[in-house]
Structure formats: C-alpha cells, structure tokens
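First comes one chain, alone, set out as structure tokens in the form predicted alone.
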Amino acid sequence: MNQASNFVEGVDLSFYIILGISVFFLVGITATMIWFVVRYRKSKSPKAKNIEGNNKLEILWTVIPTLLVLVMFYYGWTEYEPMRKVPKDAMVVKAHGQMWSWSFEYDDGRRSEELVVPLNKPVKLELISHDVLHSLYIPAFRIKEDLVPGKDNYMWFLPQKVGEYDIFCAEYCGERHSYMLSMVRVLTEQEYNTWYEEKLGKSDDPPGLQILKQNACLSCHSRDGTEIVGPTFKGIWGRNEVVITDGEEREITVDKDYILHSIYEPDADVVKGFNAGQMISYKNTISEEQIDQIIEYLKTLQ
C-alpha cells in the first residue's frame, strides 16, 4: 500500500529508532535504580563504604550514549535534508495562515479554503502568516513548518495516495487556535484538472460573504448571534454600540464610516466587552469597493 506522501517511511523510521533507544534507556536505567535500591539498602549495608571508580565503566557510559546520539542525528538529518530540497518541477501554492483559518492561493491568484493537489505531483507550499506565529501540520504526510510573520518559509511534499488528509495549526496562536483546521484533498490528475478549471475560486456565496471568508473574518465574528472573539455580525448594521475610544466610552451607530474605520484601524474603537489587539489592519488588503460589498451582505443578517 502506498504511503500518503514521500516522507512517511523515512520519518517513521527515524521516530521508531529514537523511540526504541529512549525505551531501552528508560527500562535499563529504571531497572538499574531498582537493583541499586535493593542491593544497597540500609538493612544489608548499614555502614557506608567508599567505592573506587571504574575507568572502563566510565568510558562505556560516555562512548555508548555518544554513539547513540550520533545514530539519532544521522537518521534525523538524512530525513530532514530532503525536506528542504524542492524539485524543480514542483507546483507552487501559497499557504496563507491567519487567526484562525487557512487559505491556499494558486498560480492565477484564485484561492481555496482547502488544499487540493494532483496525485504524484510535487507540491511546494510558500508559507505566509498575516498576523502571528502559526505552524502548518499535515500528520498523514509527516510534515510541519512554521509560518513566521515577515519571514519567508516553505515546505514541500509528493502526494502518493488519493484521499483527504487533515491540516492543523501546531503552534498556539490565540483563543480559537484549535479551530484552525483545513484539509488536503489528493485527486487524480484528471479530477484535479476538472476541479481547477471548473470549481477553483467559484462560489455560490454573495461577494461580501466571499470576502469575509477569504480574510478569516468569520473566525472571530459569527453570523448567528454567538459572541466569539469579536462582536457578532448578526443585526450589526444600524445597531447602537458602546465603544472604547482612547480609554473613554462613547456610543456609536454602526454605519459605513464605522465599519470602514474598524477594518482599517481595528483598535481605534473597540466594542465594550471585547479586547483590543485581536485584529490586524486590512487597509492594504480590503478595498473600499469590497467594504461596500461586505456592507451589502451585513445588511442581510438581521
């Protein structure tokens, strides 16, 4: 049976070797401790005696652990090094991480909330964080890399088995870290081409909702009245809100100016009961035209 990716067999072997060595020492050291407790208990040796050193034993317990560490390093390095050498024919996809969702941008700029790739085609993910530290982890592929704001990073893999595989964030990134989930879908080449031509970037959602999803707005703002990290979008248009501005409370009415200001300068007017510093500025991401589309959608959530 094929493994899910080209790294599975080697990474598993490395872990089995390290686990085996660790278990060996756990059992050996624990057994030795118990033997010493029994053999040199006070009732059998009431008077302490000076024990002379043993050069052979000291050499052994220095040389053997050193060799074992080198063995673990060898297997770890031989599996890590190929992970940094991307094949020249790899398909490039940009993986965007932000609190608290993933999105994947293909070469023509279209995005998907899931990572969809063709079977037996190497894939390079360019990792981009828009806010805080994240870590893209695909357990079935045995790969994990950090997304660091302002720093370029990447990962690659060769999908070898058709199926669906979980994507997690493996770096704590805030209150809803555990909800930062997605999926890799590995398709045959024909199925992938059909998906790419007919389905990628297409949605039945209204434009405003598509923009909200693309920018992870729904990770913090619900549409059903539930309070998450930020105020709910349900009934928000025209609603009176008490906000904190420069440390003072004031009441405002949610209109276009307020929404635009909140998207571009999210910490300027923070709704009472919620925390500042949870939202990044979208000034260079969302245009005023898109904000108009968002507003038209928000008006439907009454």
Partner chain sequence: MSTATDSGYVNFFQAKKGLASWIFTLDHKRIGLLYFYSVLAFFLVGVLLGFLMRLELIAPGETIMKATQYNQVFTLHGVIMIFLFIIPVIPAIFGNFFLPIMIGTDDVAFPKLNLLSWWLYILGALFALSTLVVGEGPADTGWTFYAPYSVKTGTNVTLAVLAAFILGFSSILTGLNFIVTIHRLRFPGMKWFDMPLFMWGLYATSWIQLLATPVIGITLLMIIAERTFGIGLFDPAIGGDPILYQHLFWIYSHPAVYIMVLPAMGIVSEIIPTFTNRTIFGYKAIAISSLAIAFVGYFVWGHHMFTSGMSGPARIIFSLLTFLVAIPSAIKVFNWVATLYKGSIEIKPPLLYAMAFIFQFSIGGLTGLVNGALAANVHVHDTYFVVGHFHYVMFGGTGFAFFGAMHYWFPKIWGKMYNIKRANIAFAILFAGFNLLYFPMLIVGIMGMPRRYYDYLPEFTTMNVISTVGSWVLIIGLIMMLWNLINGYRKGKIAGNNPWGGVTLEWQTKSPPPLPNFLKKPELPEDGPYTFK
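Bear in mind that the values here come from a model prediction, so they are computed numbers and not experimental data. What we label the rigid core is the largest C-alpha set whose atoms superpose within 1.5 Å from one form to the other. Numbering follows the first chain given and starts at 1.
Beyond what is shown, the protein has a form predicted together with its partner chain; the following relates to that form.
Undergrad: Check for me whether its partner chain, as it appears in the predicted complex, comes within 4.5 angstroms of all of Asn120, Lys213 and Val271 - heavy atoms only.
TA: Answer is no for this spot.
Undergrad: Sort through 213-221, 73-81, 193-201, 87-95 and report the only stretch with a non-hydrogen atom within 4.5 Å of its partner chain in the predicted complex.
TA: Correct option: 73-81.
Undergrad: Hey, in the predicted complex, is Thr66 touching its partner chain, heavy atoms inside 4.5 Å?
TA: So Thr66 counts as contacting its partner chain.
Undergrad: Do Gly150 and its partner chain come within 4.5 Å of each other in the predicted complex, heavy atoms counted?
TA: The answer is yes: Gly150 has a heavy atom within 4.5 Å of its partner chain.
Undergrad: Whether Val162 contacts its partner chain in the predicted complex should be assessed with a 4.5 Å heavy atom distance threshold; does it?
TA: Residue-level check for Val162: no, no contact with its partner chain.
Undergrad: Just checking whether Val11 would be counted as a contact of its partner chain in the predicted complex - the rule being heavy atoms within 4.5 angstroms.
TA: Yes, Val11 is a contact residue.
Undergrad: Relative to its partner chain in the predicted complex, which residues of 158-194 have a heavy atom no more than 4.5 Å away?
TA: Asp166, Phe168, Cys169, Ala170, Glu171, Tyr172, Cys173, Gly174, Glu175, His177, Ser178, Tyr179, Leu181, in sequence order.
Undergrad: With both forms fitted on the core, check whether the Cα of Ile280 differs by 2 Å or more between this form and the one not shown.
TA: Shift at Ile280: below 2 Å after core fit.
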